[in-house]
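Only one chain is included here, represented as C-alpha cells and corresponding to the form predicted on its own.
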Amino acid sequence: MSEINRQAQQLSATILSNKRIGQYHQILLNVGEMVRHCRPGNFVAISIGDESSALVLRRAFAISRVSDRGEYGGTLELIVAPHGAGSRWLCSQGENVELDVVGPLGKAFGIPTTPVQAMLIGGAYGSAPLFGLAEVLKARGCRVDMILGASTSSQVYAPLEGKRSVNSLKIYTEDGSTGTTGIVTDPLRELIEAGQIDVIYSCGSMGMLAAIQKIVEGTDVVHQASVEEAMACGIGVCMTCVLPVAAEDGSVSMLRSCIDGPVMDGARVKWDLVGEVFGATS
C-alpha cells in the first residue's frame, strides 16, 4: 500500500447495529484498534456479498465518525444510502454479521493548528463525514458553522445531530420542504465578503463542489473538498477514480482520488475537465 495508507489494515468487523434513518442506514461496526488511526475524511473498503456473489469488487464508504469509548471498544459509524447493488446488500445485513473491511484509507481533511472560522458544507448524506470533523475542529477552538442541502427534506441527513455538533446550522432544500428554499451555495458570497469564513470543508456531489470552488476563487478562503468519484479498489491499483488536478507549475495530471484524495485542495482540481478523457499529463 502507498504511504498514505500506511496505517490501513484488513479485519473482520462485526455489525453492532443497523438503523434506518430516513432514506439512509446508520451502520455501527466494531473495528477495535483501527479507530486509533481514523481521521475525518478517511474511508473504508468493504467486501460485498457472499462467496457466490457476482459483486466481486469492494465498495468504498466514507467514515462518519469513530469512538473508542463504550462497551465495544473501537466502533466506526457509516451512513449508507441503499442506491446500488453493493450498498443495498450492506444495508440488508443485520446485527452480528461479520464484514471484511480494509481501512482507514485515503487522505483526510487537514486540521488547522490554530483556531479558524470553519464552514462545513454537506450535500444529502455526504454531510455524514462532516459531523465527526466538526467535533475535531471544535476541540481545536474553531468556530464551526454548517450548511446542509438536498433536493428535498427526506434527503437531509440528521439535521438535529448537525445542530448539536456546530455553532450554527442552516438547511437549504431545492423544493423548500424544510429550511430555506435554495441551494447550499446561496449564502456563500455574502458570508465570505463579511469575513465570516476562513476555510470551507465540503462533501457532496461533484457539481456542488465545483460550484463552491467557483465562488471561492479569487478570495483568501481555503476550500478542502472531499470528492465523489467511483472507487473500485480503494487502494490506488485500478485507476478508475482519477481526476484532473493541477500541480504548482500548472501542469495537469490524472490523480487517484482514493490515494491523493478523497480530500483535495479545491483550487487544484480542474472542475471543468472532470469526466473528460485525456492523457496522463497535459
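We number the residues from 1 along the sequence you see. Quantities reported herein were computed from a predicted structural model and do not represent experimental measurements.
What comes next is about the form predicted together with a small molecule, which does not appear here.
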Open item on the list: Quick check on this chain: which one of S165, T75, S87, Q155 has a heavy atom within 4.5 Å of the small molecule in the predicted bound form?
Closed with: S87
- [ ] Indicate whether the candidate residues V35, R65 and R69 are all in contact with the small molecule in the predicted bound form, with contact defined as any heavy atom within 4.5 Å.
- [x] no
Open item on the list: in the predicted bound form, is there a heavy atom of the small molecule that lies within 4.5 Å of any heavy atom of R58, even though the partner is absent here?
Closed with: yes
- [ ] Classify M231 as contacting or not contacting the small molecule in the predicted bound form by the rule of any non-hydrogen atom within 4.5 angstroms, answering yes or no.
- [x] yes
Task: Residue contact check: Y201 to the small molecule in the predicted bound form, 4.5 Å heavy atom - done: no
Open item on the list: Given that the small molecule is not shown alongside this chain, does V80 nevertheless sit within 4.5 Å of it in the predicted bound form, heavy atom to heavy atom?
Closed with: yes
Open item on the list: Within 4.5 Å, heavy atoms only, one stretch in 245-253, 210-218, 27-35, 223-231 touches the small molecule in the predicted bound form. Which?
Closed with: 223-231
